[in-house]
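First comes one chain, alone, set out as structure tokens in the form predicted on its own.
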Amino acid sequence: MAFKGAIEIDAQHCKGCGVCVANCPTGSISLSRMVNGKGYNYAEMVGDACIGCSACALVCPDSVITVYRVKI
């Protein structure tokens, strides 16, 4: 059974630490060129390779990532 994943990141509370980027097995997260209200380059989902493994949400020190999984 295959899954398609997607993530939502609370950009205003993300501090851009990059831990999620380093722990994503599919390279689906990168730091944005834009900054949030606090001046941080926040994380964002790129591409459509996300598998919904939740590795990013588990390592996020600020708990700003929500992961969704859908059967395909």
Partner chain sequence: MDTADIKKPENIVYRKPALITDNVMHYCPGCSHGVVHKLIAEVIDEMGIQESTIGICPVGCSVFAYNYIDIDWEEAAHGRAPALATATKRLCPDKHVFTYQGDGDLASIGTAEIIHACSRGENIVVIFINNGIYGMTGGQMAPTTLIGMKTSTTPYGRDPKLNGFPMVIADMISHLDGTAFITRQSVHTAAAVRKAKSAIRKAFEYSEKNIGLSFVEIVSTCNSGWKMNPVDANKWMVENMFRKYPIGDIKDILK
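Positions refer to the first chain, counted from 1. Small disclaimer: the values here were computed from a predicted structure and weren't measured.
As for the form predicted in complex with its partner chain, it is not shown, yet the points below apply to it.
- In the model of the complex, none of the heavy atoms of residue 11 sits within 4.5 Å of a heavy atom of its partner chain.
- Contact annotation for residue 42: none of its heavy atoms lies within 4.5 Å of its partner chain in the model of the complex.
- Contact check for residue 38: a non-hydrogen atom falls within 4.5 Å of its partner chain in the model of the complex.
- The shortest heavy atom separation between residue 2 and its partner chain in the model of the complex exceeds 4.5 Å.
- Interface residues of 49 to 64, taken as those with a heavy atom within 4.5 Å of its partner chain in the model of the complex (partner not displayed): 52, 53, 54, 55, 57, 58, 59, 60, 61, 62, 63, in sequence order.
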